[in-house]
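Just the one chain here, the form predicted alone, laid out as structure tokens.
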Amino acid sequence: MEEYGAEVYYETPAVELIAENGVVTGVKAEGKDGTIYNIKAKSVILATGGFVGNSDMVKEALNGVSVNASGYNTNVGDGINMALELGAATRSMEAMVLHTFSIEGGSEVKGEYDFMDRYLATNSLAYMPIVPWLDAQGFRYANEEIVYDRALSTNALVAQGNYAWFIYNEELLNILENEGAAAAGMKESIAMGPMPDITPLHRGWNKLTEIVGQMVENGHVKKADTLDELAKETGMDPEILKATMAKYNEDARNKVDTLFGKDGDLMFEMSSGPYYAFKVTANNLCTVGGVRINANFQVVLNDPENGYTPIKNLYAAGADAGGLYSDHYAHTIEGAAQGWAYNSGRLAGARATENALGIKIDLFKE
């Protein structure tokens, strides 16, 4: 940047694309002190990181479903919205990196608890393949073994709406607290980021029932002696809930999941209360849908009848550029979103530079 005399304007976000007769000629930006800058450019690249922090845009893209923003919440769709004002097309706006769960009320637990003790009660209980996952009506909706795959499990939850109920009973919580998850039938631990084991198999989960009790008192975790009472507390249909749990418990006794084919050893029978229902919601790391681009990373108009006409001088990269993914978290390897960010930025930069300087760039040469 020093070699080419480039300048960086910090805390000076672009607020509008400047265009003349449909041709982008620059951007309008506003400094922290309110100064307005009209910046001329032969090429403009949109690279504002998508819209994970814009709850309204995310909800609209997901057809009304709400999820938790757990990525860069300052990424609110600036670039995409500026392009839409020029008539740009979008593509795959519903594509999100939906990844991991949150337990309602977990962040509001008070008290001097060790990190891991708090984590087990407020996070790990959402990652147990041995309990049934129920939708808002009380139907079981998935093979809970998919909890080992963050993409599958999170998207399965979002397919039910804003939340799901994960069901425990007091017997199971006591087993976890006193003995660990293996005593309840769990065979393989769950890893989370740098933590290789967030569901200890062979040691007790210290202070688990105390912390869960606080979440019950706060009104976030629902506790009831009977399934009828639990249905009333959660809003589930009592007949559906009772039928679901009866079937789950029968399969647990027979060690055969007749509904989804889960390993029967991973079905903990809960035929008696008290019952606990944890309200679980989905986390969204980032959005990966955005404005439609062509093979040169040019943003295109929303005119499919014309084959999508490029908007001259306007390019997009990273999470502002839609089309790499057609649906939710489709990554099969770690770092796929980051790899796309690097390479789409490089390619968009090359094409934009060619346009601005009237030259040809060979990316295969050093």
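Source: prediction; values computed, not measured. Each residue number is its position in the shown sequence, starting from 1.
Keep in mind the form predicted together with a small molecule is missing from the figure; the text below concerns it.
Proximity to the small molecule in the model of the complex, taken as heavy atoms within 4.5 Å, picks out 313 to 321 from the listed stretches 59 to 67, 296 to 304, 313 to 321, 35 to 43.
Although the partner is absent here, A14 lies within 4.5 Å of the small molecule in the model of the complex, judged by heavy atoms. Contact annotation: G31 falls outside 4.5 Å of the small molecule in the model of the complex, judged by heavy atom distances. Proximity of Y72 to the small molecule in the model of the complex: non-hydrogen atoms within 4.5 Å are present. Not displayed here, the small molecule is approached by Q338 to within 4.5 Å at the level of heavy atoms in the model of the complex.
For the options E177, E269, E104, D78, the residue carrying a heavy atom within 4.5 angstroms of the small molecule in the model of the complex is D78. Listed residues A252, L86, L285, L173 were compared with the small molecule in the model of the complex; L285 is the one with a heavy atom within 4.5 Å.
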